[in-house]
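Listed next as structure tokens: two forms of one protein chain, kept apart as structure 1 and structure 2.
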Structure 1
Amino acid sequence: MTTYSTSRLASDNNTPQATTPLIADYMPNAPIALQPTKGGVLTITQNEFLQRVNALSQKLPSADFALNLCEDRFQFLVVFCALLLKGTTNLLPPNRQPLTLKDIAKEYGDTCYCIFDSPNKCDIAHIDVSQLALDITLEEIATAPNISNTQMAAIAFTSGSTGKPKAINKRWQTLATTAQLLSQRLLKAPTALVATVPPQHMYGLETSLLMVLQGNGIMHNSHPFFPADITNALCNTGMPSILISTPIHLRALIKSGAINSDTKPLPLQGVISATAPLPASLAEAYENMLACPLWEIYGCTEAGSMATRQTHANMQWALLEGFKLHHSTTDNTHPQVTASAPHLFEPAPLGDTIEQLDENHFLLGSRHQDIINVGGKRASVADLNRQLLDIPGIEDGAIFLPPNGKIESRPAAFVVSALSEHEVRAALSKRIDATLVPRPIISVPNLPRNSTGKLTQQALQQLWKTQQRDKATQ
């Protein structure tokens, strides 16, 4: 059942509120999304959106958990909210590999099901939302529904220190407040949001979906990929727009020549980048090319977005309101930093080394060595190695980052196995995201393990150098 009450912002006063409305400043006739059509663009109002959410919510089965696998950004948001109203937690799997989905579904009980919006091979209980007939009435909904702050809105998955993907709980208040804080800092007025990041990724979720519910964002329902897609989507919005992207996509946009003196000016108010830090010189070059400011967001799956910076102007990260950093001194080699904030229900450990400048500002050091980051997909080396060694026919193996000095480089692997490189790659790709599958995968007679069976980074890098040298002289 859905209850309705007057909408208000959780942060409006100091007394803690038990609920936060689904849409913060609900205005029935204001746009919530822009749907590109053949000839132009269609506006979807907040009222129409709520109607769809209500209608879908009534059709869904009662369940504690569902895997939200919708690919269309707007459909993903409708399903996300319908599940919220139903009291069902959105599970956001780290990838779409069949084994991953099966493992997660098994862990979350008998009622857990998949929900998607396009034909999908799936051998667990599922609903294709595009096949559901929804009864949409044309009545105006006066107020947005309230959602309990403590309700488990979503569970994201990340690589844990044990090497097994770890479930990260996201309560409604955490997601809603993060989006409010981001919007206050980055969106001064209603702005169309064009995003190259998928809605399932925590960064894509907080910016391209939740800033629409809780801030000044208006979703452009697209998922542009190639540079020409990005410029097309931006030209389609017909209003001031912000591009939400990653260093990989931005680099391609700049280098492609898709923006030049012949193209019409883009309605860009700004660019937001996250997943990997940009060097100041690149950020400045991008700002000049795109003729708008570029902001970066720093965050992690555990804490969500927690700081921003306008990179060329200042390398310092400014924490979002309410965030505090805590440094533990128990381990001298890797001082652990945790972040806390009123909207986080527990402190979140950070995977980076951090130099704190004052209460609200910090500089970022290097990421802990165990984490590999390619195109916004992160995994711990321990987890990747576990997946590699799980493959039947692999006697021994190691995944590592070869020393090539790129910002985001792919991992490589050594294996001791009779399997071909193609077979190893195919087996891994069933388990882990394609961008994290090592390349090259090099077959070796044995790994340079020391007398205690340990494989040091130094030994791995040495073997890599030898291999590269041998190849060059072949």
Structure 2
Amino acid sequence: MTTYSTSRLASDNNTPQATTPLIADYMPNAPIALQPTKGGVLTITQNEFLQRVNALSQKLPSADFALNLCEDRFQFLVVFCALLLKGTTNLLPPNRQPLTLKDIAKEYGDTCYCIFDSPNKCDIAHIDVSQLALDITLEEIATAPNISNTQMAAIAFTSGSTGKPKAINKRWQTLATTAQLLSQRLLKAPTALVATVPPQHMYGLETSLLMVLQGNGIMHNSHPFFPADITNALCNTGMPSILISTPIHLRALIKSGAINSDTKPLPLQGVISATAPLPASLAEAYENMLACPLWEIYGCTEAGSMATRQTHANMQWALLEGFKLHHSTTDNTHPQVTASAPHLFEPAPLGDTIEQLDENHFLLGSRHQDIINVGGKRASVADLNRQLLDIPGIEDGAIFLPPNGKIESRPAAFVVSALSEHEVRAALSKRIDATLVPRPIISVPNLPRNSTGKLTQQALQQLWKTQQRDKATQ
């Protein structure tokens, strides 16, 4: 039997702790994950999970860095924790494109390797953990292992929605404490977590994985994408559940008609949304349709999750415990706001304008890189997009500055809609100043959103170039 020394949680008091347990409140027979099966669902206990983590850790090679590319959510968590025990940093790339992986592996040294959970063709040193797991010996675990608070648990890369992806260091204390704070606010009792977002993204990592280790979450091992898959996963949990999703996935779920007055009520205790703010009207509509509260999380890759709000009830964001905002007036263009908290190792700069209401609450403005100026009219692209997506008949859409455009340029737009360009323009003219109405407005079958529903600048620019090239050859 393996026994690890015990220690108190980092957030128990004001005294910094050297370590934080991998599982905050270890109960060997308590469920940690629900595995869907043909006949229902299989419960995996915390002890079974730790046995797999411990055994896999002993099989992994020694290295400073590894790209965790497992697609199965539970397997991703097992590998994430096995690497932690091994002292290896999880690299969480912004995408799985071969060139991206190759560039990251090259940057992080000769011993860096990839971990997949299925056979995969890859010209970087790699391991198929599904094969490795066939040859491991499990043994009972008496206590949860402790991880040094300063250990570099992961390096996350920003999505690239506002530029080139950037590497952000994540130490274990930061990740563990953030999950504890989120769980304390959103999960009052053991709750199944069904997530439409991937585990590699910081939002998915903190909510669908780390709230399982550090809070009351119980992972449902799924990654539903289509509306029917989401409702099936929620019904499969067999217990009160929370859906972790994004505005684009929620929009598709509501629009599909998969949930209506004739369908069986879902075991939903709440919905968590992030990656883009929701208008209050839309949040109210979702709450009414899903018959549960909807919470939004605000944060950034640098700071992690740092505030929440129930948008329908109050547009104010409430900071998580310990967070403080600092306003700088040294920049004449945009007053800079940074966030600090005891579990952050350095202040995190925020890319948004913030109107602080009191010590613990604020209103969110536009992003610094988000302002355009057309004919003397300044506007936030994010706000213009909210107006566009609020138009009935618009399934998806994006207003943006064309590549190489200046902030004084007129924006263009892609829309997924049966409405004509004239109809979209007329509807927008009722909502925004006429000088800001995009030209052209191009209808497309879909937008190249990534797995978290974000549109990167690179994807938008590529779509624009393709459209312009096709137009030139017609």
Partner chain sequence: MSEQTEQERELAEVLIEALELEDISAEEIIAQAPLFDINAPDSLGLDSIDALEISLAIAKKYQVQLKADDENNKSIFYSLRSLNQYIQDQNG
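For numbering, take structure 1's sequence and count from 1. Because the structure is a prediction, the values reported are computed rather than measured. Under this definition, the rigid core comprises the largest set of C-alpha atoms superposing within 1.5 Å between the forms.
Legend: structure 1 corresponds to the form predicted together with its partner chain, while structure 2 does not. Here T435 counts as shifted, since its C-alpha moves by at least 2 Å between structures 1 and 2 after the core is aligned. Core-superposed comparison between structures 1 and 2: the C-alpha position of K38 differs by less than 2 Å. Comparing the forms between structures 1 and 2, the C-alpha position of L50 differs by less than 2 angstroms, with the core used for superposition. Aligning the rigid core leaves the CA of L138 displaced by 6.1 Å between structures 1 and 2.
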